[in-house]
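Okay, so here's just one chain, in C-alpha cells, the form predicted alone.
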C-alpha cells in the first residue's frame, strides 16, 4: 500500500514536557507521539508540527502531519494512536490530507489564549494561570492592546537572537483582554508569532495593568524596535495554542 499524508490535531498539557520539538532525551511531545506511531506502524515515523511550543506551554489545537501506509481507516488509526499515550496528550483527530499538505508552511495564522488569575487560584486553576496578586486596570490594558494591532515589526516583543531577527514583521489581527470575575483571558490571533512573542505581549499588558507603564508607551516601544524591562515574559503555564488556521 502506498503511503498517504495524514493530518492530525492534538491537545496536550505541557507542564511536564520540554516543549513540542524533539529533544535528545525524548521528553518532548513530538518524541512521545513519534514513539506511539512507531509502535502502531512498526517503523520509525517523523512528524511535522505547525510550530514549536515552549516547555510548559499547552495546546488545544496543535496540528501535525506525517506519511504512512495504513489500510484500516481513519477511525482505527485514531484509536490506535490514542491507546498508550500518557494522560497529558490526546490525539483529537486523524484524517487523510492532500499529498502536498504541510502543517507548518501552509498555516495562515494561529490563535493563542493566555490565562491570568487575580489573587490566589484554586488547585484546578493554579497550574494553568499566571496569578497576579493585585488589581489590574483592564481598560488601560485594552487601550494598550489597540496600539499593537496591525502589521508591525515586533522586534521589541521577541526573545529571538541571530539570523532569525532578519524577519520580525508580523500581522496581529486580534488582541483582546477579557475579564470575567477573577479571571482575565487574553486572546491573541495573528498570521504568525516570533519566539516568546505572545508571552511578551501578555507581559507588557500586565505591566500596563499594574500602572507601571502608560498605554501609549506600548506603541512607543513597538516603534522603537528595542526590548525594554517593561516587556516582561509571562510564565509559560498560562499559555495555550488554541487553533491553527489554514
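In this text the structure is predicted, and so the values were computed from the model without any measurement. Residue numbers count along the first chain shown, from 1.
Below, we refer to the form predicted together with a further copy of the same chain, which is not included among the displayed structures.
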property	result
Partner-contacting position among 100, 135, 167, 120 - heavy atom within 4.5 Å of a further copy of the same chain in the predicted bound form	120
Heavy atom within 4.5 Å of a further copy of the same chain in the predicted bound form - residue from 126, 174, 95, 72	126
Contact flag, residue 59 vs a further copy of the same chain in the predicted bound form, heavy atom cut 4.5 Å	yes
is_contact(residue 109, a further copy of the same chain) in the predicted bound form, heavy atom dist at most 4.5 Å	no
Residue 236 within 4.5 Å of a further copy of the same chain in the predicted bound form, heavy atoms	no
Proximity of residue 11 to a further copy of the same chain in the predicted bound form, heavy atoms at 4.5 Å	yes
Interface segment, criterion being heavy atoms within 4.5 Å of a further copy of the same chain in the predicted bound form, picked from 135 to 143, 86 to 94, 100 to 108, 152 to 160	86 to 94
